[in-house]
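Just the one chain here, laid out as structure tokens, in the form predicted on its own.
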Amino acid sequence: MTRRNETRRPVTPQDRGRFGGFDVLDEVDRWDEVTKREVLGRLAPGTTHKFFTSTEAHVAVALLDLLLAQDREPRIPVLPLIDVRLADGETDGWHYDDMPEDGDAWRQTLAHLDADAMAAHGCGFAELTAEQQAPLVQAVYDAEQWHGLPAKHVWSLWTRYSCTAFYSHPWAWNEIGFGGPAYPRGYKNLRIDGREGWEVPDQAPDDPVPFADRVEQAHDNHADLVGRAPDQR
């Protein structure tokens, strides 16, 4: 169960983060036993799939890495966390009436994505480069209907599950400076810029790049990735 990397620094996804030295797991002894067991279990969710087949998991890992920009280690094990949820029936408790239930929707959409890759490139989605995968996923985002399903609801399925899994993991908490469960320790300094004694300041609280410029650059980078002109948003 990896808590720190070989340099003994806190682990963050792809070693990115703005809260140097902050490790939410330093507070683990303050958590009650149920919380501790639940959170630490996310560090090593296992490699045996309970819900997805090996073929489905292969496609899903590639899709999730692309959606979450997990392009190198350390990666948060998003697919195993989703797999456990679906195997245990822990969905959001609802689904769109024009979509199958979440488990079936995942199986169908992964099969459709793999079929699109085979039609376009002659191989499965997971075998493609990120540059080849991106237009296939972008096509889902841009579409009204995709393989008979409402594309915006497919996109919602993918992003809801991927973001929930990603931000449930302690490494993501380290990246964003989130202090983790408040029970039973609690928070005392509930004010603007107030920090608890165990929190650390943002290493770059004043962003030198105007937000609008960052948005424009992100649009241009995305356009390059999916092979469109920058002004074709």
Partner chain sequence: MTESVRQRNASAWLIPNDGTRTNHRLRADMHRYDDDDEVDIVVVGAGAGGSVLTQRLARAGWRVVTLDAGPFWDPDTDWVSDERGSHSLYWTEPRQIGGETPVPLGSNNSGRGVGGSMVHYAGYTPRFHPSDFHTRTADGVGADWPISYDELRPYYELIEAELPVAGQNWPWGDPHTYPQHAHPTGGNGSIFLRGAHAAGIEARVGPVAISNGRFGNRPHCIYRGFCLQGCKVNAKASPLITHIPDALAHGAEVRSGCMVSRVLVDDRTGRATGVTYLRDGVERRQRARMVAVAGYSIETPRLLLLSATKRFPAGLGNDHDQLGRYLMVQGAPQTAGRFDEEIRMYKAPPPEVSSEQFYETDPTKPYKRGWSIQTVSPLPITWAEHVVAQGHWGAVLREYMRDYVHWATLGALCEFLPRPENRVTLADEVDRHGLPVAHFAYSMCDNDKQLMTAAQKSMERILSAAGASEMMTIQRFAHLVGGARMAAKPEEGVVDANHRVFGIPNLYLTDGSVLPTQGAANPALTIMSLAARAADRLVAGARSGPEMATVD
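Residue numbers count along the first chain shown, from 1. The shown structure was predicted, so the numbers you read here are calculated from the model rather than taken from an experiment.
What comes next is about the form predicted together with its partner chain, which does not appear here.
Which one, 110, 117, 137, 154, lies within 4.5 Å of its partner chain in the model of the complex by heavy atoms?
None of the other options qualify; the answer is 137.
Check, residue by residue, if 68, 97 and 180 all come within 4.5 Å of its partner chain in the model of the complex, counting heavy atoms only.
Yes, because 68, 97 and 180 each have a heavy atom that approaches its partner chain to within 4.5 Å in the model of the complex.
Taking 4.5 angstroms as the cut-off for heavy atoms, does residue 51 touch its partner chain in the model of the complex?
It does not: once its partner chain is placed as it appears in the model of the complex, residue 51 has no heavy atom within 4.5 Å of it.
Answer yes if any heavy atom of residue 186 is within 4.5 Å of a heavy atom of its partner chain in the model of the complex; otherwise answer no.
Yes, residue 186 lies within 4.5 Å of its partner chain in the model of the complex.
Given that its partner chain is not shown alongside this chain, does residue 59 nevertheless sit within 4.5 Å of it in the model of the complex, heavy atom to heavy atom?
It does not: once its partner chain is placed as it appears in the model of the complex, residue 59 has no heavy atom within 4.5 Å of it.
Is residue 163 close enough to its partner chain in the model of the complex to count, meaning some heavy atom within 4.5 Å?
Yes, residue 163 sits close enough to its partner chain in the model of the complex that at least one of its heavy atoms falls within 4.5 Å.
Though the partner is not shown here, which residues of 22-59 have a heavy atom within 4.5 Å of its partner chain in the model of the complex?
Going through 22-59 in order - heavy atoms within 4.5 Å of its partner chain in the model of the complex - the hits are 32, 34, 35, 38, 39, 42.
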